[in-house]
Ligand SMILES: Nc1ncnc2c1ncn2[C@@H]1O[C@H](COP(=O)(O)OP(=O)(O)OP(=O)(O)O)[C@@H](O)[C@H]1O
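Have a look below at one chain only, the form predicted on its own, in structure tokens format.
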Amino acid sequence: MIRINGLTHRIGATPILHDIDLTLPRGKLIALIGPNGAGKSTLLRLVARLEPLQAGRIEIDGLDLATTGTERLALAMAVMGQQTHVASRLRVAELVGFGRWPHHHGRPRAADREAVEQALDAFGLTPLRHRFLDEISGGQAQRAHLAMTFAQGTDWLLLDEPLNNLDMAHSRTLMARLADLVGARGRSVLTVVHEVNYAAAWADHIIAMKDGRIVAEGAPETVLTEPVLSALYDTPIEVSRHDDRPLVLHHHWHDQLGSPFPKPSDDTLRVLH
């Protein structure tokens, strides 16, 4: 599990996180949600050790992030941030192969090559394996970086808004893949999710953040309620149910004059979910 104690962070004189205490369970798909500027990405970057700790303590499976070597951490967690720019003349398979570096240090074995093949297949990239990164779309490049993270084979995956640049079909496929990693393979995922319904449909554990503080955490049914979400996003939000999961209706069904727009049909809600 990941334990966070007394975590506080500032950028210059601006407070970003305020004395955060959290325990993130293993074997779960954990979603960080909240409005822009809530501190979600900062929290994930601190857990990923992409930013130096200013105050507090973080442990991942008993490893103190402040004292554990980078090579050891690379075997415990794989990280994908929002900025994924790399050399454009890399081929897709070469990029995915970088995920195996902590295991082979430049001398790939059969197991490493097999892990790359599995990652390419899992993210629908096998037909693109020989393409250069500047020859594919932004969404395809996003999937290639996700495949690299997947190929690293760690118990923990830390993903900062991995659905950026992905269309609806690939977003759903990715969330299903992450859920499979958790449910069938015992991996653990911590991800920042912008669209709350992806968290509603797939997450096991949700952490809601606002103004650098944790305002709610727990199972989707506990966090994704109308009072919590309306206060979290400062707008009226309705929560329905679909397939025994919360379905968040965050669009306004009334115009400013109070005239109702038609609510979506059941078929439309099924597509959204």
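All of these numbers come straight from a predicted model, not from anything done at the bench. Numbering starts at 1 and follows the sequence shown.
Omitted from view is the form predicted together with this ligand, to which the following refers.
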query	finding
Heavy atom contact within 4.5 Å of this ligand in the model of the complex, the stretch among 216 to 224, 58 to 66, 22 to 30, 39 to 47	39 to 47
His194: touches this ligand in the model of the complex, heavy atom cutoff 4.5 angstroms	yes
4.5 angstroms heavy atom contact with this ligand in the model of the complex for Pro236	no
Partner proximity in the model of the complex: Ile16 to this ligand, non-hydrogen atom cutoff 4.5 Å	yes
Asp112, heavy atom within 4.5 angstroms of this ligand in the model of the complex	no
In the model of the complex, the residue from Gln82, Ser137, Gln118, Asn165 that sits within 4.5 Å of this ligand by heavy atoms	Gln82
Ala76, Gly183 and Asp204 all contacting this ligand in the model of the complex, non-hydrogen atom within 4.5 Å	no
Residues within 4.5 Å of this ligand in the model of the complex, restricted to 148 to 174 and counted by heavy atom	Glu161
